[in-house]
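Form predicted on its own, single chain, as structure tokens, below.
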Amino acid sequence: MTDASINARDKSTPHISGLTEAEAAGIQIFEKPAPGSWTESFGLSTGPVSFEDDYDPEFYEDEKQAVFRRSWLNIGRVEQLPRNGTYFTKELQFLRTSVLVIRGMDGEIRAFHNVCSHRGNRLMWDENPSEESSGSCRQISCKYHGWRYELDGEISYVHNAPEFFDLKAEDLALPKIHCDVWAGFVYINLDKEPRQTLREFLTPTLEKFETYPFEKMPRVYHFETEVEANWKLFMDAFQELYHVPYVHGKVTNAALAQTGVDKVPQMIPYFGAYGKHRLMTTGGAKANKGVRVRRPIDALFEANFIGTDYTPDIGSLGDGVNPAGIENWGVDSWQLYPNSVIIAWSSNYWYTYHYWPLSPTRHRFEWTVGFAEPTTIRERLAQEHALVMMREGILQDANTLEATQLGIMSEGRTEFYLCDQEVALRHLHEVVKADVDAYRAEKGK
């Protein structure tokens, strides 16, 4: 293939306007030149890459500290705390940390290390202290020796207190974790002093996505599994659609040409970098006439692997969707640094992915889907069928990961070649590496 044939495709991008000075200063938005490439526009090298960061044990140990202990992490949603006194725990095993998130009697959401100040017993747990739990309470009570804490973390009772030496209430309060809420998502930061507020971290454009009506799509389904691959490998799988004709060949029309921005999902019309985050925007179903294979069962249930045929009326989607301003907008896929994804569809449903490391070559994958409440039996069946089909698509993606992990670990090849449609992969690995390098420099490594 000659250079001419490689470059003989449309590399145009929609015009982006209306940026404030604050946005221009706080984010990176790139218009793809013609001719040119997303990768060059992002300021990234177009050369081969190494995936050593997906299996090297030393890198993994530094990554935990440099990336996960210093970044804002989404660990839940406000719907998990519907009333004062409700709580849930999040087990971050790879950081040896159990997080207790609780809504106080004043309505405030707070996060604490889930550990007693007496002998270090884990405070809130059910049958197994290593498993996540949820519930409601008036006080936080230790199962071991009965110490109790108010819902704001302050100590309220010490069993047989006169037997202790110089107890001070301020020393016995539960260790606080920095906690904030954005768009109904509960975030924590494990750093002693976060380098940015949550909203600074999100950047002005992503912050606008808070106006998206997640609360009007409260019918939530949650799935999780463990995958024999580094967490970034699965995140990479959902940051490009270059793989679609092959991994998802049974649900796409193989007769279509596999080039051109009008052939989404095979090609993506817009990528954007916003601080450490990435956005992948496509036309979705609206711009993909003929891309999908319409099977009889899909017609029967009026749904398929990218959602339901019907679009519930939930009003405005806010002013945070489609910041690129592409025509026939269908879906925004926000890759939030470091390990979560929020996907908003124009057909009025959303889902999230989370990737939690367990080892250099293993992670826990969580998938949550939010629909509007169905108003008819047909709508409920359409949602159920869409879930089954979406789950099948995710399994198809996951099925490639172990082979990828084994391939890069073999070190039979140490350089790998990415195309322009894989710019988001390149960006993620570059940002992670930059954070790890900075951490190592601080520690004199």
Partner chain sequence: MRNTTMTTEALLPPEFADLEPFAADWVLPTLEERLQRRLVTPMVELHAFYDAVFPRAEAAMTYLDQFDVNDVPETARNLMVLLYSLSVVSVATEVFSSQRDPNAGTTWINEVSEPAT
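Positions refer to the first chain, counted from 1. None of the values given here were measured: they were computed from a predicted structure.
Keep in mind the form predicted together with the partner chain is missing from the figure; the text below concerns it.
- The candidate stretches are 38 to 46, 54 to 62, 381 to 389, 407 to 415, and the one lying within 4.5 Å of the partner chain in the predicted complex by heavy atoms is 381 to 389.
- At a distance threshold of 4.5 angstroms between non-hydrogen atoms, residue 137 is out of contact with the partner chain in the predicted complex.
- Interface membership of residue 398, defined by any non-hydrogen atom within 4.5 Å of the partner chain in the predicted complex, is confirmed.
- Within this chain, residue 79 is remote from the site of the partner chain in the predicted complex, having no heavy atom within 4.5 Å.
- Residue contact check for residue 169: none of its heavy atoms lie within 4.5 Å of the partner chain in the predicted complex.
- Of the residues given (83, 176, 222, 159), 222 alone sits with a heavy atom within 4.5 Å of the partner chain in the predicted complex.
- Among 337, 87, 301, 271, the residue placing a heavy atom within 4.5 Å of the partner chain in the predicted complex is 301.
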